[in-house]
Each structure stands twice: as C-alpha cells, then as structure tokens.
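In structure tokens, one chain follows: the form predicted on its own.
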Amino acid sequence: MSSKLKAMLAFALLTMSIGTLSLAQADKRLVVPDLDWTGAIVTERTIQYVLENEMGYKIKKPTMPGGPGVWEAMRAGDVDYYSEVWPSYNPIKSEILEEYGGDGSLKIIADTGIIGASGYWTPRYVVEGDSSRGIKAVAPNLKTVQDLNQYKHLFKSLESGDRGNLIGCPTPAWLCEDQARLDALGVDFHVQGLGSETAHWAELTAKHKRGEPFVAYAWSPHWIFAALDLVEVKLPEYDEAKWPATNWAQDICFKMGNPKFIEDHPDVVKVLQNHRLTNAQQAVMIYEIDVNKRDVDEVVNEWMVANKSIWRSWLP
C-alpha cells in the first residue's frame, strides 16, 4: 500500500472518529430549564447532580417561567424535560398530555415525590391576636375567603383603593387566576402581584415583622410555614367544573418530557423514573437557599454528599 493511500485512510479514520466523538458528545447534552421557584430548581439540581457527576452529561439551564411557555418549548424540542410539574397550574395539559385527554405531544415520565398544596393564608395574630407582641385580634371570625368582605378595610393598600388587597400569585405565568377567583366568589378585593417569588416572600415577612394584617397566596412545601405562623383562609373545595371559583387541587407533581428525548435517552429516563424527593427533603434545602441566602448548587451538593444512600438508588 502506498504511503499516499495510507495517509488518506488514516485521515478518513480520524475524520470518522472525530465525527463519532462529536455525536457521542452531542448525545450527552441536554437542555433543562431553571424554573421560577426555588423548589423546582432544587428538585432538578438533585437530578442533574447524578447526570453530570455520575453519567457524564452536560446540561444547559436556561431560566424560564413555569407555565404554558415552557411546555411549548418542550413540545418544540427546545427543552428536553422538566421535573416538577404542578398539574393544577397548567390548563393546557388537556391539550398535550394523553392522560388528561390531550394529543400526547409531551409524555409524563414519573412522579416527582413532591405533593403540593396551594391556598390563601393570613397571620395567626390577625385572627387570634398575639399578647407577646401586644397585637389584638382584628378579624376573629375570619375563616373563609368569603369572610374577607367584612374585614376588607383591614387589608386596604394604595393599589386596592376602597377594596381589600390580596397578595396574589407572584407571576402571571403561573395562571393562578386569583382575581377571577375572588370576583367569582363575590370577594371585593384587588389582587396584587409582586413579580417574583423573592419579592413575594420579602413582602410577607416584612409585614409579619411589623405585625400588619395581610392575606396572601402561598404554597407548600415551603419554608414560609416554618418562619411565620400562618392560618389558612379557606377556599371552597376543589371542583374542576367550577374552577377557578374553588381551591386548587392537591398537586401530585410529576416529571415530563419531549417524546424524542424519551426515546433517545433511556438512561436519563431511568434516573427520572427512579428519582424521588419528599416535601421534607426539599423544604430543608429551600430554607437554606431562600432564608440563609446560600448558593443553590452549594446547598444541593451538600445534601447529595450527605445522602448518597438515597441517590445511589436513582442510578440506572
């Protein structure tokens, strides 16, 4: 064989090897969004720790608001999966997910382990008073959302005028329908949206520290219930036919993905199927991040190192 032919063959083999390597590297790249609440980021980071450190994946993490936008991005193939879907916040599930009567353009992979609950809350001192702080009960009969009308003067704000003020869902993308809910229930309140989860909790904690009356949207699992003594202002029981004039359903959170991703990455899908995170496990990490202002990855890595016996069972 001539030296020229040998050189040509060697070059061809090298080109093929580089191409194969590039394909293999591409096959180990995923796009998974950071959603706009800390709990979802914590859940996803526990999965990404395994994918990146144990399985060699590289993950791009664009920041996106939860809601229909990220669903559409996943359906278009721009996002591969995400791991904490709260189904009651996603009305387009009936268009997309087969389990809810949709076209199957996205697929449910497995439960997350998180069981979510949403509703409206007020400080206990508003209803019962707090003698240690010299606060008298100003709304002793406040038990349900409909009871708010008799106390709306206590909850007025600059934005609400003569109406009461409810600190509602932090971002419109979550589709909480707070104003529609109050209007349907005949509650004469204005809904104030603060634009982000961080601003939402900062407003609640500041008002609580000052001993002011407020009523606000909140969800669990969350550190806020450890930090503040809150009581629920009850909504009518969930009724899909009447929603949003009812409470949210209890949310059995799940992971879902683009069908092509599911077909192409069975090893990742197996991790998603095996992975579970409880409310209590998540809440510990949320507290460290949101209250103690620690870095997300630092907190999650610390938890993963301390809980190797848990996450080793997630591996395929």
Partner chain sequence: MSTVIEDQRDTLLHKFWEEHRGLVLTCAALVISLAVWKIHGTETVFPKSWIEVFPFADKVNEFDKWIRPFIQPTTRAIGAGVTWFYELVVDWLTFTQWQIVFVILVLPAFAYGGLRLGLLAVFAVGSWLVLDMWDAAMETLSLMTISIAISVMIGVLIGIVASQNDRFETIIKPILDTMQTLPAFIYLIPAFYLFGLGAPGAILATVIYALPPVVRLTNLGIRQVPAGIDEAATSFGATKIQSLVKVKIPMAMPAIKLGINQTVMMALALVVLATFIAAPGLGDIVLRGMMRLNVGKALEGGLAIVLMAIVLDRITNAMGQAEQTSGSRHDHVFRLFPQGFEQVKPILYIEYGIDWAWRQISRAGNLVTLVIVTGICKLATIYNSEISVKLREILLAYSFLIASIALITVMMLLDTHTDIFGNFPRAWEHRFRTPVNQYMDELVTNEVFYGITTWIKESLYFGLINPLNTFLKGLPWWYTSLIFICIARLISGRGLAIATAIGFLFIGATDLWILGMITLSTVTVSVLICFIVGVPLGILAAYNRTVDALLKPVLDTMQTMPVFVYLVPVIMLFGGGQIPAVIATVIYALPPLVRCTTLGIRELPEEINEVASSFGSSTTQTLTKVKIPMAIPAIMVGINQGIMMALAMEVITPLIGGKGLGMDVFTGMNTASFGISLQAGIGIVMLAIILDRISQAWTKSQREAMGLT
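Just so it is clear, the model here is predicted, and its values are computed rather than measured. Only the largest set of C-alpha atoms that superpose within 1.5 Å between the two forms is called the rigid core. Positions refer to the first chain, counted from 1.
What comes next is about the form predicted in complex with the partner chain, which does not appear here.
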Testing 77 to 85, 146 to 154, 119 to 127, 238 to 246 against the partner chain in the predicted bound form with a 4.5 Å heavy atom criterion leaves exactly one stretch, namely 77 to 85
Among 111, 188, 95, 99, just one has a heavy atom within 4.5 Å of the partner chain in the predicted bound form, namely 95
Checked 30, 262, 51, 64 for heavy atoms within 4.5 Å of the partner chain in the predicted bound form; positive is 64
Does the partner chain get within 4.5 angstroms of any non-hydrogen atom of residue 283 in the predicted bound form?
no
Whether residue 105 contacts the partner chain in the predicted bound form should be assessed with a 4.5 Å heavy atom distance threshold; does it? no
* Counting only non-hydrogen atoms and a 4.5 angstroms cut-off, does residue 172 reach the partner chain in the predicted bound form? -> yes
Q) Hey, in the predicted bound form, does residue 192 get a heavy atom within 4.5 angstroms of the partner chain? A) yes
Heavy atom of each of 179, 183 and 257 within 4.5 Å of the partner chain in the predicted bound form: no
Taking the partner chain in the predicted bound form and a 4.5 Å non-hydrogen atom cutoff, the residues of 175 to 210 making contact are 192, 193, 194, 195, 196, 198, 199, 201, 202, 203, 205, 206, 209, 210
**Study point:** Rigid-core frame, C-alpha of residue 93, shift of 2 angstroms or more between this form and the one not shown
**Key:** no
Exercise. After the core is overlaid between this form and the one not shown, has the C-alpha of residue 220 moved by 2 angstroms or more?
Worked result: no
